[in-house]
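A lone chain, given as structure tokens: the form predicted on its own.
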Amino acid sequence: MTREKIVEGYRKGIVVLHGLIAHGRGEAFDYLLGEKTHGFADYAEKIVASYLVVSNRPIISVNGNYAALAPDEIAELSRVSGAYVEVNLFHRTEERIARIYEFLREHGVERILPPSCEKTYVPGLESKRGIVCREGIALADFVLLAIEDGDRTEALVGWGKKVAAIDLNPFSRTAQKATVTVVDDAIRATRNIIRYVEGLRGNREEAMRLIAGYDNKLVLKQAFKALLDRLEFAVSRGVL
């Protein structure tokens, strides 16, 4: 079903060919992880929710793949967290920005920055892939993104942003450089984050406590361990 969403997104001009490759890579890691949310991912999802609760200017950065996979979930997360959505693309054209914007609006995303927003550049990314909205990512203190490029993730962190990345590949530079790495499927992850935001709203102290105790390197270690355990099991049994 998720594969069909990506293919339909490509047909609508929302997803590019590079996005199809990225999705296939993510599927491979999801198979290895058992196509489920592990405890380390669930924990990271709770931390993302904590950041959404305590941040002054949180932004949900949406690219073509994320829009195609989880438009309804993005709409609900924006609603419950109060975070604005910014359409932000690595392979950027204004036509595709507009198509994704309209697609998300059709799926109920109300707090979304328009394609006409005033633009600026992420420091160190002086090309189309570095373009962001001045009232969005440029002013954000926390950015949630999914299936993102490692260069841009690293540049955002270098710009002083706290960055949470949903990425099934714990080896990627995005996963390695993010403040919080959610090694999970984008749809499952977003649904879990919604649930945790609803539970943490009004409890800022608890959210701050959770953030203070978080160690992203430990989460990545646990993701690598889960992959190793699954492969060792397959070697011993001949099946996953």
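Residue numbers run from 1 along the displayed sequence. What you are looking at is a predicted structure, and each value in this text was computed from that prediction instead of being measured.
Although it is not shown, the form predicted in complex with another copy of the chain is what the next lines describe.
The candidate site formed by Y101, M208 and A212 is entirely out of contact with another copy of the chain in the predicted bound form, as no residue has a non-hydrogen atom within 4.5 angstroms of it. Interface residue remark: T37 is not counted as part of the site for another copy of the chain in the predicted bound form, having no heavy atom within 4.5 Å. Although the partner is absent here, D42 lies well away from another copy of the chain in the predicted bound form, with no heavy atom inside 4.5 Å. A residue is said to contact a partner when one of its heavy atoms sits within 4.5 Å of a partner heavy atom; L218 fails this definition for another copy of the chain in the predicted bound form, lying far away. In the predicted bound form, another copy of the chain lies within 4.5 Å of some heavy atom of S172. Heavy atoms within 4.5 Å of another copy of the chain in the predicted bound form map, among the stretches 50 to 58, 66 to 74, 24 to 32, 188 to 196, onto 24 to 32 alone.
Within 4.5 angstroms of another copy of the chain in the predicted bound form, the stretch 62 to 99 places no non-hydrogen atom at all.
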